[in-house]
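Only one chain comes next, encoded as structure tokens, the form predicted alone.
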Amino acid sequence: MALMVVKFDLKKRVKLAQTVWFMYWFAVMAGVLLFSMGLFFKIELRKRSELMDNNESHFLPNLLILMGLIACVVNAFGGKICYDSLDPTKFIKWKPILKSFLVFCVVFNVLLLFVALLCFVMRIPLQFTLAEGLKNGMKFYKDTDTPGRCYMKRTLDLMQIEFRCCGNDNYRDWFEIQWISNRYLDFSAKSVKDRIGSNVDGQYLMDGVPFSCCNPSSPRPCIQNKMTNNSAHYSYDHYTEELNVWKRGCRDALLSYYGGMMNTIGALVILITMLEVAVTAGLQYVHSSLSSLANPEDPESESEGWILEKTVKETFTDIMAKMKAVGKGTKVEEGGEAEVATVS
């Protein structure tokens, strides 16, 4: 017994084909949107490529771009089939490949759903990638004269200004690393010697942050040096006073930005998947309604359309039986080849 049977006459079949054809071109535009989202996401990630692992972070946008291209081709092809189905003589040439095309569409829809879920799940590895990338980036902030690292200061400063953040977890992360290059330190000065000598690793550590951490909305001039020394600034108490640097860590800020982008893309991919499922179901109705004409020589005769020719259970049983048959056939071929080799 077929699943979700609908009866059609010529008028209904024509209306169905036209509707599905129209929906397919919507799906083509959805494929363009999917491609554009992947491209935009890739461009945004490339801006912070120095702080991320390229192989991991660019996997998702590359996958979105690929799925967008496939969606455009598949939906344009499906639209052509629906258009030709208005003329039974043209539709005949598509019948031999239509079942295979519908199977491919089902597989493609499953892959689209997987991509949508991946958009939500990838937030977890992104968090660790950002944490490690920011940690290394801050470590190389001072290396402005080192080839391959000279861009890191500019990257971090622009990022902290754009995202209104400071450090990895917070501004105190800058207290734990030397972010001023040795070329700008006077090693003859006692204060510099004392700071370097007091550190086990021989680094020049200070309770200060780069200028890009400063909050321009603060009414007080930015205090970015000696931030924990109350006596160094007039009427200042770092325990109680509202600091005029960004308090939010850049990992949290970037994760919120890219995570929100991935959630939005994931939701849009789910909507696109629903549209793809709808057009696949519509094409199946077009195919089954034309294949079951009561009188194939009379286009105006009535017919039935369905989603599955059998029930879900029967369809699943048939698929499993075919897979077993293919497996047995492979074993027989291997056994035959082995016997031939033995005889030889």
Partner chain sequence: MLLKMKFNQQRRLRLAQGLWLLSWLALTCGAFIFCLGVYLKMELLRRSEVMDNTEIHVVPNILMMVGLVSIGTNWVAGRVCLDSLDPTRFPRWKIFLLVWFAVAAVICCLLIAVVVLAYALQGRLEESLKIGLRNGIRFYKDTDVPGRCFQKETIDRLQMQFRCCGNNNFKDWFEVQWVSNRYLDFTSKEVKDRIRSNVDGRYLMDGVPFSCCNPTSPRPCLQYHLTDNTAHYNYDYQTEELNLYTQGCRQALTDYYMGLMNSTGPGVLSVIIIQVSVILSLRYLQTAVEGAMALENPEDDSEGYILQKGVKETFEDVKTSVLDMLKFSQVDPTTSKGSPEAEDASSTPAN
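Positions refer to the first chain, counted from 1. As the structure is a prediction and not an experimental result, all values here were calculated from the model.
There is also a form predicted in complex with the partner chain; it is not shown, and the following applies to it.
K.L.:
Taking the partner chain in the predicted complex, would Asp157, Tyr184 and Pro216 all count as contacting it (heavy atom within 4.5 Å)?
P.N.:
All three within 4.5 Å in the predicted complex.
K.L.:
At 4.5 Å between heavy atoms, is Trp174 in contact with the partner chain in the predicted complex?
P.N.:
No, Trp174 is distant from the partner.
K.L.:
Verify the contact flag for Phe211: yes if a non-hydrogen atom of it lies within 4.5 Å of a non-hydrogen atom of the partner chain in the predicted complex, no if not.
P.N.:
Judged by the heavy-atom cut-off of 4.5 Å, Phe211 is in contact with the partner chain in the predicted complex.
K.L.:
Is Tyr239 close enough to the partner chain in the predicted complex to count, meaning some heavy atom within 4.5 Å?
P.N.:
Flag for Tyr239 set to no.
K.L.:
According to a 4.5 angstroms non-hydrogen atom cut-off, is Gln224 in contact with the partner chain in the predicted complex?
P.N.:
Yes.
K.L.:
Quick check on this chain: which one of Thr144, Gln127, Gln203, Asn170 has a heavy atom within 4.5 Å of the partner chain in the predicted complex?
P.N.:
Spelling it out, the residue with a heavy atom inside the cut-off is Thr144.
K.L.:
Exactly one residue in Lys80, Arg123, Arg164, Lys139 has a non-hydrogen atom within 4.5 Å of the partner chain in the predicted complex; which is it?
P.N.:
Comparing distances to the partner chain in the predicted complex, the residue within 4.5 Å is Arg164.
K.L.:
Just one stretch in 102-110, 174-182, 262-270, 80-88 has heavy atoms within 4.5 Å of the partner chain in the predicted complex, so which one is it?
P.N.:
Residues of 174-182 come within 4.5 Å of the partner.
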